[in-house]
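One chain comes next, on its own, written out as structure tokens in the form predicted alone.
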């Protein structure tokens, strides 16, 4: 049972997150609107030098195609550089442990994963990567992937602004997101983490003598700096293979709470910026209510009382409550970090994790979560229009057939890239080759692998077991399509909104800033996701849960 103290801890943490995000949201808006600020004297010369070096026309706004392909090409170029670093790290500096380069398939999976904000790890970082690789190919991509997602989310918002001339300039947005948002937050967060006991050093691994007289190697490195962007950028790729379940990466309950706060901060702040950016603050209501209502439902599922734990047992380092809470948070904001082994988590908590990854807007990752919420709003408005016989409109913009097609393609991409490779993994024998059986637990693990990849989440059951050519290549393809397919469709939707006439609101107009619409939005999201994925969830975590109960009953232990 959950204690009153644990409930109070959860409520207090979420209240602090919501308050801080609400206060921080106007700053994000000012950054992307290029509003003058006190830090301009320091940052403008740096940013202008970058623009001049790269030949960027600062005041030129882009259409959706140019914005999308600019982001895509920048990300692919970063993947190529990181690929070389990872495969040739044995020849590069800052490698006191003398690690060899990665295989081509593992390096491909890693660079695609980290450049797309997925951070799926089929390797143990402390036993595979040099300091140089951790700080460049890994940490650098965590900054750039987070900035890309944030920029695309803001670009989509610009399409809904009255008299907007374009979606902005990707290169300007990208630079400002890194210099003014991610670097300052991560700098402060890293200092706090170091003060709380997370290591930050470039010296080699340390050999110490234990109290029993044996020797032990302490695996230290530039951990705090990586953890800060890993959580702030909703990346999730940890320094260690065990991620934040490793004591040096997450040494205490206080660092556990700090990392949860960092995960939730920017995704929650983005729920508030929509109304502020378009000049109609009330329009943020369905976004923030919808996101956190869905989050509350996920928590409710995860904390359903259960008489039996299926699997090897519940993680106890931070307790069952905090392990479960972290699991819900990390999948709700597409971070993918873990503070416990997923194989030790109860099936209903895994079901809640699936819900967060399948919905992707509870509140979702920075930028992309907001894009998905706007997608669901368009779908909901269209459904309400069909039911009431009125022309669907949003913010006075008529929703036409092309808009509906774009949002439905964006929505349907994920079922296809999750279900098809899951079937292929079993049909080809790839799942059996790594010990995944056709039972509910094995199916859950494989389904989770591809769901996590498609949702750009990155948490997974397989870990280093997934380091095979089949899983490295197949998940890389799913990750790439899951990242750029929906972003392309939703930026195209936003681009189509530019220049459209806005109708004047009347008494019969659908009020999207109301509590009623917020509840309808939540209901429509749940119906869409449940109808699409329920058969597969029923074969996985739901079946595992009931099988656990049946085993419990058969032992005569239920009272």
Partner chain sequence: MPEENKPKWRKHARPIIGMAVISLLICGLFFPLLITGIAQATMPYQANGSRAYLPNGRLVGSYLIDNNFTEPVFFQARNQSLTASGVDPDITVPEAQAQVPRISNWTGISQTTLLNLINSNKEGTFWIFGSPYLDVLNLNLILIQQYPQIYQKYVANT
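Numbering follows the first chain given and starts at 1. The structure presented is a predicted model; accordingly, all values stated were derived computationally and were not measured.
Form predicted in complex with the partner chain: not shown, discussed below.
The partner chain in the predicted complex is approached by residue 191, whose closest heavy atom lies within 4.5 angstroms of it. Using a 4.5 Å cutoff between non-hydrogen atoms, residue 109 does not count as a contact of the partner chain in the predicted complex. The partner chain in the predicted complex is approached by residue 52, whose closest heavy atom lies within 4.5 angstroms of it. At the 4.5 Å threshold, heavy atoms of residue 178 reach the partner chain in the predicted complex. Of the candidate stretches 260-268, 452-460, 140-148, 280-288, only 140-148 has residues with heavy atoms within 4.5 Å of the partner chain in the predicted complex. For the three marked residues, 352, 377 and 430, no heavy atom of any sits within 4.5 Å of the partner chain in the predicted complex.
Only one of 465, 293, 441, 74 comes within 4.5 Å of the partner chain in the predicted complex through a heavy atom, and that residue is 74.
Listed residues 445, 225, 472, 89 were compared with the partner chain in the predicted complex; 225 is the one with a heavy atom within 4.5 Å. Residues from 163-200 that approach the partner chain in the predicted complex with a non-hydrogen atom closer than or equal to 4.5 Å are 171, 174, 175, 178, 183, 186, 187, 190, 191, 194, 195, 197, 198, 199, 200, in the order they occur in the chain.
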